[in-house]
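Consider the single chain below, provided in structure tokens and representing the form predicted alone.
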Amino acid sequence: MSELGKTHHPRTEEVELALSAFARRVLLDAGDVVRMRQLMRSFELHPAGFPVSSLGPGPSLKWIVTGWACEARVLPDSRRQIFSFLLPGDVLLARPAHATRPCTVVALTRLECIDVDQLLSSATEGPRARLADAMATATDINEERKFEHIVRLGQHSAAERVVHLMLDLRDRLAEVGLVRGDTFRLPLTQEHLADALGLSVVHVNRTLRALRTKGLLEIRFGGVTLLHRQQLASIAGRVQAPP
């Protein structure tokens, strides 16, 4: 289910934060940032809980302005594997509805994004090529994150998996101005965490409770506070916590 809101615009602040993070991530220069901003005229709205599908016959790339999504596959017995979480400033590959595909993109919250093909089609030749390269770089970054996720699943303990994911989400959200201190919104259930980390819900609950008991993090009211980030970084196998 998708709804094109061509007269709808996210708040300017949200657009600027996502655009700024995207530009830093893919090394987009100031001139092309201005051009990209000028080309952003039409925004798609995808409601929470629904797949994000391409409206055309083939896959389409979307650039997220606000909201969270995930890439997942549901097995015939209803078990689910979440491959990645997608945040503002990221790109996602939407596939046609009902098409055979390795995974489905699902909006976890209300999602506002831009169709990349429409964005590029409005650009002149030079900027179009540079923006296309930037989108390709963003797609490569998504793929690199999946290698990190494979390591997380294959080599980390339960506590290491949970902490590694929390630190990763914190760092990515900080890029788009969505972290205050070390507190950020987490619109994920323990079931989402279990399906992403290859753990049972009971195991996730037990691990979060242990981390809370040790005074390392707090999760409540849909938000997370990392209380001792350097110690958490050590648990996750990071040399040091990013600023």
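Please read all numbers here as calculations on a predicted model, not as lab measurements. A residue's number is simply how far along the shown sequence it sits, counting from 1.
Another form exists, predicted in complex with another copy of the chain; not displayed. Remarks below refer to it.
(request) Decide whether G126 counts as a contact residue for another copy of the chain in the model of the complex under a heavy atom distance cut-off of 4.5 Å. (result) No, G126 stays farther than 4.5 Å from another copy of the chain in the model of the complex.
(message) Residue-level question: is S121 within 4.5 Å of another copy of the chain in the model of the complex, judged on heavy atoms?
(response) Because no heavy atom of S121 falls inside 4.5 Å of another copy of the chain in the model of the complex, the answer is no.
(request) Please check if E71 has a heavy atom lying within 4.5 Å of any heavy atom of another copy of the chain in the model of the complex. (result) Residue-level check for E71: yes, a contact with another copy of the chain.
(message) in the model of the complex, does Q81 come within 4.5 Å of another copy of the chain, counting heavy atoms only?
(response) Q81 belongs to the contact set for another copy of the chain.
(request) Name the single residue among D133, D171, E148, D117 that comes within 4.5 Å of another copy of the chain in the model of the complex, judging by heavy atoms. (result) Going through each option in turn, the one that passes is E148.
(request) Note which of G198, P47, P187, G177 lies within 4.5 Å of another copy of the chain in the model of the complex, where distance is taken over heavy atoms; exactly one does. (result) If I apply the 4.5 Å criterion carefully, the residue I get is G198.
(request) From the candidate stretches 47 to 55, 205 to 213, 190 to 198, 23 to 31, select the single one in contact with another copy of the chain in the model of the complex, where contact means a heavy atom within 4.5 Å. (result) Answer to the contact question: 190 to 198.
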